[in-house]
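Take a look at this single chain, the form predicted alone, given in structure tokens.
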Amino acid sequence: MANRAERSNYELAIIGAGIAGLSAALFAAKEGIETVMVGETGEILFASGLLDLLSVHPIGEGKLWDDPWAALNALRNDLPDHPFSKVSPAHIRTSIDGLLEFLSEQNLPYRRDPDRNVEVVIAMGGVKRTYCVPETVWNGVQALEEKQPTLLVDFEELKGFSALQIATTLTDRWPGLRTATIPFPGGRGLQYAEQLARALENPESRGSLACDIRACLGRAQMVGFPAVIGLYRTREVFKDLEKRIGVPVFEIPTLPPSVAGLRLRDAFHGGLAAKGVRLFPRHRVAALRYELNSNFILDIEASDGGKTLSAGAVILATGRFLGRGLRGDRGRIHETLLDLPVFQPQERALWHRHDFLDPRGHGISEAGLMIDNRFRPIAADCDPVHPHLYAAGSVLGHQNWVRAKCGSGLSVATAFAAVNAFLTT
């Protein structure tokens, strides 16, 4: 027999535990709002750790921007229905500043040039433009820009990361690269990035690794690693490894699921709990219902038979298909909790273009909730579905964050906008 359902009341409930949901919980907590966040944490484990703002616009032209703020101005002029067009530049800056301040407080600092995108080497050997990077990645940004003689290291045990592939791909652009494949200290049976990151929190493992690297350092002025330099004490591990090797080091983001995603998840969970946010990070909202003059009711799946929560307002940060915020059937795309109206192609044949790599992207990639200027989902008549229902992040329509390279920035800025709208209701 199931246990009697637990019931609690909150001012604000946030559904979704990706970057948008976590950021919304942060901004709500800063304002002293009694907040609960519910959502499965799997999606954030796919995060690269890089915080994009905007680097491609228009998508069809593939135009790259050095200045993300100029790119945002162009986007506002061209795409008035894009979620970014509903957030002021000042609020976007405030949201990014607030997030970075919080992550620094959690001992997970980020670096950036406030007025330009930077270029980062990624695991497959390409170069990506982004806005903010973990402190552990920043030396690599400078090394690439200055073409410093650099040694790239990989490990025999780690799958999905090849220093040689990266160096070969970047031969013309970064001629000073050399590579070394090193057995991971005590690495027998260690095949995953998380296992290696945990192992490097042991000083003996770091000492052995540093000894092996010094033996093949040569004239390298920098050493690049896969992003496995510590998990819970990353800064400490990073600084100690630099000291032992004798030259600056940097991390290169790995393929998901990533250590960078784990670091973000742990930083958010610890920091939000300390700020008073009630977290249900491994739970799913099975049903959401409301009456116009009453609270929202959330039925939460749990191993103990379930919980029931109520809240005066809700922010949907449920993501798209991976986060289960949207689902598709033979006829159309649905929002999964309230069956809210979804912006989408008129027929299924328009979901995808013939060419998978079409530079214009696919119609399904812009599917999502339609919102008013206060980030409230709207019905077919353009009126808000509920005066206290908001939405943020990738579940919003009229945007293709993957192609535009704006996923994290969009999530953070719209989360800030949704919380601000709730505050000013």
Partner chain sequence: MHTQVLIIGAGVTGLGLARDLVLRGISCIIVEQGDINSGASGRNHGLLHSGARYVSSDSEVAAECLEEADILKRLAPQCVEETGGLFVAVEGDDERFIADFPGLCQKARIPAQSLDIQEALEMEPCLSQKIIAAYRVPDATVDPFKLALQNFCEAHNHGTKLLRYHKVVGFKKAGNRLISAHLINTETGAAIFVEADQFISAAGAWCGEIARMAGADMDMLYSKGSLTVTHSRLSNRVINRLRKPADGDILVPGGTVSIFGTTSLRMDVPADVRPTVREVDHLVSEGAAMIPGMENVRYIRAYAGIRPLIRSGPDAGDRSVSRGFILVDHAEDGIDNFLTISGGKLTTYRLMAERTADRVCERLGVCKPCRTKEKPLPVDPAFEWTEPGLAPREWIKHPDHHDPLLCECEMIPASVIESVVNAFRSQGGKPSLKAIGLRTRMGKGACQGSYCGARVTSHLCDRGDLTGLEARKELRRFLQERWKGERSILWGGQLVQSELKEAIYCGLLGLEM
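Positions refer to the first chain, counted from 1. Quick caveat: nothing in here was measured; it's all calculated off a predicted structure.
Separately, the form predicted together with its partner chain exists; it is not shown, and the next lines address it.
Segments offered: 279-287, 338-346, 191-199, 97-105. Contacting its partner chain in the model of the complex at heavy atom distances within 4.5 Å is 191-199. Although the partner is absent from the chain shown here, Gly126, Ser162 and Thr254 each have a heavy atom within 4.5 Å of its partner chain in the model of the complex. Put simply, of Glu157, Glu119, Glu242, Asp212 only one has a heavy atom within 4.5 Å of its partner chain in the model of the complex, and it is Glu157. Checked against its partner chain in the model of the complex, the residues Met370, Val385, Ile33, Val56 give one hit for a heavy atom within 4.5 Å, which is Val56. Taking the partner from elsewhere, Thr41 is found to have every heavy atom lying beyond 4.5 Å of its partner chain in the model of the complex.
Contact annotation for Arg353: at least one heavy atom lies within 4.5 Å of its partner chain in the model of the complex.
Looking at Pro114, you'd find every heavy atom of it more than 4.5 angstroms from its partner chain in the model of the complex. Using a 4.5 angstroms limit between non-hydrogen atoms, Ala379 is distant from its partner chain in the model of the complex. Shown here without its partner chain, the chain has Arg320, Phe321, Leu322 in 307-323 lying with a heavy atom within 4.5 Å of that partner in the model of the complex.
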